[in-house]
Ligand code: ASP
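Shown below, as structure tokens, is a lone chain in the form predicted on its own; questions about how it binds or moves come after it.
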Amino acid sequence: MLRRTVLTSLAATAAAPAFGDTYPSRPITMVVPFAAGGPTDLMARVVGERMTKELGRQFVIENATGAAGTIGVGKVARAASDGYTISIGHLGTHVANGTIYRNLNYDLLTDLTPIARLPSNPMLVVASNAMPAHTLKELVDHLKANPDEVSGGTAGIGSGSHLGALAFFAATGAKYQLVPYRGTGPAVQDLSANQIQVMVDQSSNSLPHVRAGKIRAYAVTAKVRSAAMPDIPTAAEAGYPMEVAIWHGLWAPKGTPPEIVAKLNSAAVATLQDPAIRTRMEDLGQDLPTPAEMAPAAFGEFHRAEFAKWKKILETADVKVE
């Protein structure tokens, strides 16, 4: 009788599907650590919609804002490791914040599992149409002459727009007053209304407003001009070498089963191989990673290298929040 029970149990175990085989069986929440309307939110909605088709389950976008993305990222770090809550973030939320915020209750390198690297985005130096400067050099001269009269928006300390501003300050020697927002979407709206005057923002967020004539672009923070915006010069062309790109990625909580991570990665890779998605991303000035660069292990190695690089930069600049 005992032998029959054991054999029956083994047969049942062999017949049971692996955990990853049944995944996903319900909607997946993708936490965006910024407000709706910004570049990270846009990336999440484009990628999430296409990954929904790949996996056959809805990706629900949840905007969990505050503290330059630390609230949203922390929510995912503490979530169940079952693949139903994942994070989208970027250089600011998943690298810079680890150095800037000294009292985070999670570790960006050990409490999250890399899923896939997503496109990277150069920054644009943009300003309100009311700004009297019409070239980057004129803008720098204006800021130097009026250091306390010009304000610029960021999505908070450590955000991509904040890192872009720091790079701008270092490259030009000019300054402006930083105004934190809960996302770059609201900041660009205020820039269009001249409530703030200048930003260094991701091109995927600001380029549509530039094309619509709502704000003015001075330079792109890339080595060469972008095919999506060939009329906008590089910062180096104006004499201010400045190369800053904000890359995005997907992460799951620590301990998420490898087979689930593999399924999510496969869906992300298929998403960026879709010609329609590629065209849309490239039209916004995005640089797309290769499938090899998107692999979880490769992305994890890239993440650790970026963490070490920016840790030195931010500690040198003494940017921190206790």
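Treat the numbers as computed from the prediction; the structure is a model and nothing was measured. Position 1 is the first residue in the sequence shown; the rest follow in order.
Just so you know, the form predicted in complex with the ligand exists too; it's not on screen, but the next bit is about it.
**Student:** If the cut-off is 4.5 angstroms on heavy atoms, which of these, A155, V126, L250, V73, is the one near the ligand in the predicted bound form?
**Tutor:** For this set of options, the contacting one is A155.
**Student:** With the partner left out here, check for me: in the predicted bound form, does some heavy atom of Q286 sit within 4.5 Å of the ligand?
**Tutor:** Looking in the predicted bound form, residue contacts with the ligand do not include Q286, since no heavy atom lies within 4.5 Å.
**Student:** With a cut-off of 4.5 Å between heavy atoms, is S206 one of the residues that contacts the ligand in the predicted bound form?
**Tutor:** No, S206 is distant from the partner.
**Student:** Given that the ligand is not shown alongside this chain, does G185 nevertheless sit within 4.5 Å of it in the predicted bound form, heavy atom to heavy atom?
**Tutor:** G185 belongs to the contact set for the ligand.
**Student:** Might H90 be said to contact the ligand in the predicted bound form, defining contact as any heavy atom within 4.5 Å?
**Tutor:** Output for H90 is yes: heavy atoms within 4.5 Å of the ligand.
**Student:** Within 4.5 Å of the ligand in the predicted bound form, counting heavy atoms only, one of 217-225, 101-109, 128-136, 177-185 shows up; tell me which.
**Tutor:** That would be stretch 177-185.
**Student:** If you look in the predicted bound form, which residues in 131-162 sit within 4.5 Å of the ligand (heavy atoms)?
**Tutor:** Stretch hits, in order: A155, S159, G160, S161.
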